[in-house]
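Just one chain follows, in the form predicted on its own, and it is written as structure tokens.
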Amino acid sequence: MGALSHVVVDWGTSSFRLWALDRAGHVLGERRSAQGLAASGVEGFETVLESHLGALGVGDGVPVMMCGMVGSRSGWVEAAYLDAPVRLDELAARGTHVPSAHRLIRILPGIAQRDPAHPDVIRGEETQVLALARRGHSGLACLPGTHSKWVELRDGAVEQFVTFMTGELFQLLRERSVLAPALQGATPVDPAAPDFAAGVAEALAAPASIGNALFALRAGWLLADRPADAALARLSGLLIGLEIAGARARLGAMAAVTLIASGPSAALYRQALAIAGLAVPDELDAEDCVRRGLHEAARIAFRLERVTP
């Protein structure tokens, strides 16, 4: 590995991830914390950043490239949205400057779609797609999460994208809806569970009936004492299946999709996409893509010579 070149940060609503990199993008050090926007707003964004840099021995003058909600209206400095379609190298070149006495800091802008019928925004996940563009990828990518994104990438540009609140709906229904008692004590969803597959298939076949299918989880618990594990697996399958059905409705016919995911969601989406008949020719780790995308953005914005890893 080479000498320290720059630092990249993924700073979200509830989390902070920082990597110190050499010019080729190799990780020399990293820091993680739960100092998301709320905590950092109280402590001071620059105070939080510099404390982590100090812990790694990063001195003044080392530039920092950031992405995520740190660039939102409630973040450190707002990085205004760029309108789709937009080239990802342009996204990197137009990062927002953050005033600092210690170093050069940039925040990547998000991307907006301003169609009144289908307004949409993406902030943070576009960095993962930037890593795809670096690989010369074109086509459709699925990025599961609290707010899942389906992004169409063509010749280094984001052509269009669609957001689904799948992860947030799952948590709300599990914890705060009338379904909550039926799901208490459930273990994490097994992608191979028959109830998960059944939920995906049902949502794909009849997305308009999803409200009825969800309430049936409560009825099954009340009338047949349906196990919590089975109910939770079906809930997960229904919501992910609904997302895939929605993506088809908005983006048209599709045969393959690149999956960018980490943790348990990767296996769940891989299984759901297979049930939907969609090939997954490439599966990438989401965190790795964030780091690589930020490195590519730093290379462009800070005019760093490209070095082969």
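Numbers for residues come from their place in the sequence shown, where the first is 1. This structure is a prediction, so every number in the text was calculated from the model and none was measured.
What comes next is about the form predicted in complex with a further copy of the same chain, which is not displayed.
Peer 1: Give a yes or no for L223: in the model of the complex, does one of its heavy atoms lie within 4.5 Å of a heavy atom belonging to a further copy of the same chain?
Peer 2: L223 belongs to the contact set for a further copy of the same chain.
Peer 1: Would G36 show up as a contact with a further copy of the same chain in the model of the complex if we use heavy atoms at 4.5 Å?
Peer 2: Taking the distances in the model of the complex, the answer for G36 is no, it never comes within 4.5 Å of a further copy of the same chain.
Peer 1: Is P207 one of the residues lying within 4.5 Å of a further copy of the same chain in the model of the complex, judged by heavy atom distances?
Peer 2: Result yes; P207 sits at the interface with a further copy of the same chain in the model of the complex.
Peer 1: Is there a heavy atom of S138 no more than 4.5 Å from a heavy atom of a further copy of the same chain in the model of the complex?
Peer 2: Looking in the model of the complex, residue contacts with a further copy of the same chain do not include S138, since no heavy atom lies within 4.5 Å.
Peer 1: Check S14, L91 and R154: does every one of them have a heavy atom within 4.5 Å of a further copy of the same chain in the model of the complex?
Peer 2: Answer is no for this spot.
Peer 1: Only one of L169, L132, A230, I105 has a non-hydrogen atom within 4.5 angstroms of a further copy of the same chain in the model of the complex; which is it?
Peer 2: For this set of options, the contacting one is L169.
Peer 1: Since exactly one of A255, A55, A249, V42 fits, which has a heavy atom within 4.5 Å of a further copy of the same chain in the model of the complex?
Peer 2: Checking each option against a further copy of the same chain in the model of the complex, the one that comes within 4.5 Å is A249.
Peer 1: Across 161 to 181, which residues bring a heavy atom to within 4.5 Å of a further copy of the same chain in the model of the complex?
Peer 2: If the 4.5 Å heavy-atom criterion is applied to a further copy of the same chain in the model of the complex, 161 to 181 yields V162, T163, F164, M165, E168, L169, L172, L173, R176, S177, V178, L179.
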